[in-house]
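Encoded as structure tokens, the following chain is the form predicted on its own, with no partner shown.
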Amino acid sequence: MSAWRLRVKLRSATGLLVSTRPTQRHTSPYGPLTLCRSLSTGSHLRNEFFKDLEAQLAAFRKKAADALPGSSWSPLQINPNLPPERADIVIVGGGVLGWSIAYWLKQKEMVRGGVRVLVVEKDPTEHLGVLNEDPVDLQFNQSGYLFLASEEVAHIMEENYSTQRYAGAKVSLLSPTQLKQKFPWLNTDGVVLASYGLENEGWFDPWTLLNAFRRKAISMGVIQCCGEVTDFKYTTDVLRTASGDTVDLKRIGSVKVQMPNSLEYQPVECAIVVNAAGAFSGKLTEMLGIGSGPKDSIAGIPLPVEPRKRYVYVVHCPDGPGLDSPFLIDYSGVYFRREGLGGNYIAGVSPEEAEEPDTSNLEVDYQFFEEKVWPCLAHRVPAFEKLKVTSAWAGFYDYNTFDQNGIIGIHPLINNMYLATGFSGHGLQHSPAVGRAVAELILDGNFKTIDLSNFSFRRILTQEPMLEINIV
């Protein structure tokens, strides 16, 4: 293929630009040029120059398109969606945690615009109110959580109740008789104790919260980019431990942001990277060699976060529990709650470890509902015998295989990567607090509002899991 050549006529500098303070002369293929500190332009000549240049570029693009029929490639066009070349902090992950961190970083900055924050998201999806826009409505439905316990786990519920009451939560314990009186549609067979939230419990629209964080953060100067971080440039310092072992300590200098559906990418220089990539945060650290060292070394310990697929089913049952339906969690793990006002409910259950579904896609397994969810629903609420599945969806948990709890703080082998991942389905609930905590850690050097040191990567190194005794 013959090479393309674009010829651009350069007019005499004296015809286009008038120098007010010449500083230094340079030579170029086009003759001597004068660099100036301040320039005044003749607008008429300038407009003609750029019109002439644009016409030649348009002709060149047409010639290239004619030579490559059927191609959408357009030469000499700058992608307006490229991220900036530099940022102070790059947040990898545009979920609710990533945007919460971005918001709190801007909220805490001492000078407006003092911290340049970039959020890179692979899939574009009152404190949060934006000036001149309607207040944020999270569509909160206040209806308590109702946990049911069998005889085997009733003692755990009693321990949880004591902890919750000590912390000021308004919860009550119900006997099977009290449970039946309050919820007559419920079959209490096998239930020996129940815990019911009396106030400030319920559910809300997660997308509204995510978008509220995102829009507020952008209004405060955060830069949004749709792309995928596919590589890092970093430096390595080799340290020697007291026992004589060597440890590679890395520092990230830039991230490579790959644009969607394109070969185009942008390196972004940065001082700090926040790994809030959710289910794929483990893959992100693998790019830096984390987990690839000897198994008995720190470098051989991976970030224990992986995607786990979960199904949510929407069912319709006109004769179901109705408006007084709580968010019910059976001791089998099956849960359901009301969805709107038209006899609709959502339900699901986490599969057993041996039954974890394939994570290469987000297809829904309806047979799983038939075999694992529906029988328990129909047993606990007899009206659900006549339910009908109307829709369903699947999503990924950022599942922490170590202890199913969040990992927060700096990675010990990457001295400028902060972690906010592994919440195993609770990231939405924790996002406001975690966002603030990570912003404090970055800008203040330590936690100020809530000490979350116990959630650091250190517990994985020391093999001290923080397991919850009752988790949904």
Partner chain sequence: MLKIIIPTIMLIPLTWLSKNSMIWINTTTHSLVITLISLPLLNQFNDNSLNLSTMYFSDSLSTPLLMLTMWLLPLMIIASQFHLIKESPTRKKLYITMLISLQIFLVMTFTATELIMFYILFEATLVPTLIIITRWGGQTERLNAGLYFLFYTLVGSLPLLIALIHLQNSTGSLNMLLAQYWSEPLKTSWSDTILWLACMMAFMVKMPLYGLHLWLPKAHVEAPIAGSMVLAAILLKLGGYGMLRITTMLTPITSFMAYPFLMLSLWGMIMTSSICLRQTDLKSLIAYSSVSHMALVIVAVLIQTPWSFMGATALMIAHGLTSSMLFCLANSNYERTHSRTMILARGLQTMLPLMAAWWLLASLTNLALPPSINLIGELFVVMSTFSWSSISIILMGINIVITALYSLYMLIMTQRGKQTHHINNLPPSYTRENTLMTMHLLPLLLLSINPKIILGTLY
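Remember, predicted model here, so these are calculated numbers, not experimental data. Residue numbers count along the first chain shown, from 1.
What comes next is about the form predicted together with the partner chain, which is not displayed.
Proximity of residue 88 to the partner chain in the predicted bound form: non-hydrogen atoms within 4.5 Å are present. Contact check for residue 237: a non-hydrogen atom falls within 4.5 Å of the partner chain in the predicted bound form.
Although the partner is absent from this view, residue 404 stays clear of the partner chain in the predicted bound form, with no non-hydrogen atom inside 4.5 angstroms. Among residues of the shown chain, residue 424 is not one whose heavy atoms approach the partner chain to within 4.5 Å in the predicted bound form. Shown without its partner, this chain lists 111, 167, 341, 354 as candidates; in the predicted bound form, only 111 has a non-hydrogen atom within 4.5 angstroms of the partner chain. Interface residue among 256, 122, 116, 310, judged by heavy atoms within 4.5 Å of the partner chain in the predicted bound form: 116. Exactly one of the stretches 343-351, 299-307, 313-321, 245-253 approaches the partner chain in the predicted bound form with heavy atoms within 4.5 Å, and it is 245-253. Interface residues of 429-456, taken as those with a heavy atom within 4.5 Å of the partner chain in the predicted bound form (partner not displayed): 441, 442, 443, 444, 445, 446, in sequence order.
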